[in-house]
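Have a look below at one chain only, the form predicted on its own, in structure tokens format.
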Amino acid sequence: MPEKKQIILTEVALRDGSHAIAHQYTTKQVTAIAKGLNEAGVPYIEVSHGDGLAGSSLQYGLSHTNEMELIEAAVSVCTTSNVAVLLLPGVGTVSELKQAAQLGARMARIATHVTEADISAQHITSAKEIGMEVVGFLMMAHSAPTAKLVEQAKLMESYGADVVYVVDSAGALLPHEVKDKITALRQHLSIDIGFHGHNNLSLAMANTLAAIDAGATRIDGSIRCLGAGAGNTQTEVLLAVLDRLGIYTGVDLYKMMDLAEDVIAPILTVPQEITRDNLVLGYAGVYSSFLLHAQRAAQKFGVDARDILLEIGRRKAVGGQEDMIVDVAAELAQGKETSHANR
């Protein structure tokens, strides 16, 4: 009998989901969620500010609780699961990475824009030196041709990454594009390939299955779809689908369903669904974490958040350019005033 295909899952609700709740996780919430994920057998649990280590700031959003306390809380209840952290070079530093490792984090996910892998060299090397498993995380993968993605992934492999992820930060990729990118990476890299999807075009599940079919063995999910924008590939749904496909994850489906219903759902201030603004994120190819910033700017300047997001997409803004959202909102508001004055 042929051996079952196996997928290694990383749960991202305690990092990516932080965007959806404006980075207001408490120690009590993180402890309860991490405990449930550990009991369900999830291999990796990502914990940090939504924008990674040291992301708590006026620009990205202030955290309710120091992320090191959240990491420590998660580690304290994980007997088999490994705690992972995300780091964007320039936002977080090697110092925060070492602190997280001392608290028990075992995996570092070093994230860069898809064309900027060269800035990850120091952080990937440092994470390896302190004994962490390292993931190269190429964000906004839809915005670069496949040949460029391969070039950048090979750089991360050369720096020592154990895994490279195709990250659909905007939820803009279509299944055939995911298949093309994962297939190309599989052909040119010798390390594991991962996929991280967002659901802004309702394609997170389809894209994840396309990635697995093309050779990805590391997959991200967020329980109850708790992630930036319209959320990520919904973990408990993915588990059910993979089980139907005969793909092994080692994660207990019933326990994940109960955790989603009993612990995660009460945290959500609104259901995680594809709203008109979420849809525009995917349609315009805009970084999913820009959503709350755009909605706040829209309210402040009296303009439509969709217009802000479409303009941000036209300007090809990347993570770290949240300030541009306010500038665009102000320009749109000024344009409205000028238009009214000229009537």
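Start at 1 with the first residue shown and count on from there. From a predicted model like this one, the values you see are computed outputs, not experimental measurements.
Another form exists, predicted in complex with a further copy of the same chain; not displayed. Remarks below refer to it.
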- For Gln152, is any heavy atom within 4.5 Å of a further copy of the same chain in the model of the complex, or not? no
- Mark Phe301 yes when one of its heavy atoms lies within 4.5 Å of a heavy atom of a further copy of the same chain in the model of the complex, and no otherwise. no
- Task: May I ask you to state whether Gly52 is within 4.5 Å of a further copy of the same chain in the model of the complex, using heavy atom distances?
- Result: no
- Would Tyr283 count as a contact of a further copy of the same chain in the model of the complex, using a 4.5 angstroms cut-off between non-hydrogen atoms? yes
- Task: Report the residue, out of Val164, Ile264, Leu209, Ile182, that has at least one non-hydrogen atom within 4.5 angstroms of a further copy of the same chain in the model of the complex.
- Result: Leu209
- Task: Go through Glu177, Glu157, Asp192, Glu116 and name the one with a heavy atom inside 4.5 Å of a further copy of the same chain in the model of the complex.
- Result: Glu177
- Task: From the candidate stretches 104 to 112, 250 to 258, 79 to 87, 125 to 133, select the single one in contact with a further copy of the same chain in the model of the complex, where contact means a heavy atom within 4.5 Å.
- Result: 250 to 258
- Just give me the residues of 192 to 213, first to last, that have a heavy atom within 4.5 Å of a further copy of the same chain in the model of the complex. Asn200, Leu201, Ser202, Leu203, Met205, Ala206, Leu209
